[in-house]
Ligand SMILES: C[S@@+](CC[C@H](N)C(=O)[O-])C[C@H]1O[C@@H](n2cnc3c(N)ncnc32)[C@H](O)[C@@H]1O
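Next up is one chain by itself, shown in structure tokens, the form predicted alone.
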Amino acid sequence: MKESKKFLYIINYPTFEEELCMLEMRSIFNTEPKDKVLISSIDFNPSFSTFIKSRLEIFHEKENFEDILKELDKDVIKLDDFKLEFIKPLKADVPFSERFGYLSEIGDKILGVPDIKSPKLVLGLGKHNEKWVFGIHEKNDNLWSTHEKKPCSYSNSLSVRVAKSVVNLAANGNHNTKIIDPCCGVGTTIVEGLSMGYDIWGTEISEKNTNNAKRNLNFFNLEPRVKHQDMHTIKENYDSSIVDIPYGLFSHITKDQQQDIINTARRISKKMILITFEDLDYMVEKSGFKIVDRCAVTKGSFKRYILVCE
């Protein structure tokens, strides 16, 4: 198969997370999906986002189906243990009665033995913007959902879905980014970051929370990258920090202490993802950060604000 530099991402989200989805897509792809489809030259693992349902690595994109077949005649595929399927959101324009015929014609061009039940590779076919598209179809493995059953959690902790997104926001999808969560609690963001292969570290002032974070990381066979440390003593520098700032309803933190946390994040990182229950824009600006993007996420009766600060 020829090397591809074009990807089609199928996007979906619950209504209450639409803003977060769009923020994450802008961060990773520098654009937003249209009708829940996003086209990009950026190669991003679909399992690294809760909003990406699948990805088609496009090998051929043609006005007519017959032109797809002609390309397959020139670019012969030799492959065993494969499966052919129509991509669910991209098959609406193709009558059900005709779909099997199209797949059969594609299958005749592939040299190899298919495996419908346990394929090693799935090839996808569909229509998007009046064009036929064909390539490797990779679905989100949803393994992140197993992290919801970690041993230690708190009611006010970030959800797995939000934690996964803020890590992507912190890195813009770039795995060379060095990230710190200096108030990491029970390590929800650390679990998500390490499971996606990011270079992420955590500190936590509470010894109990530090031990619980390490317990969670060990539970998922991840490196326990969490230190029992006051964030204000951190001397290392990071590309990005994630700060889920303590809030008065859940702690006895003062406004001055909140400002100190943001100021320290500014000192140790070039970029900050701030998660807050209240309007702290003035604190961000006072620290020297500039808010470059934002969204709101609702959790039950609470609304969290997520700010991207540089």
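Please read these numbers as outputs of a predicted model, since none were measured by experiment. Throughout, we count residues from 1 along the sequence that is shown.
FYI, the form predicted together with this ligand isn't displayed, but the following is about it.
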This ligand in the predicted bound form: contacting segment from 132-140, 150-158, 99-107, 172-180, heavy atom within 4.5 Å: 150-158
Selected contact from L125, V226, V186, I200, since only one has a non-hydrogen atom within 4.5 angstroms of this ligand in the predicted bound form: V186
Listed residue that, although this ligand is not shown, lies within 4.5 Å of it in the predicted bound form (heavy atoms), from S206, T146, N237, N218: S206
This ligand contact at L38 in the predicted bound form, heavy atom, 4.5 Å: no
4.5 Å heavy atom contact, M231 to this ligand in the predicted bound form: yes
Exercise: I245 in contact with this ligand in the predicted bound form, heavy atom 4.5 Å: yes
4.5 Å heavy atom contact, M272 and this ligand in the predicted bound form: no
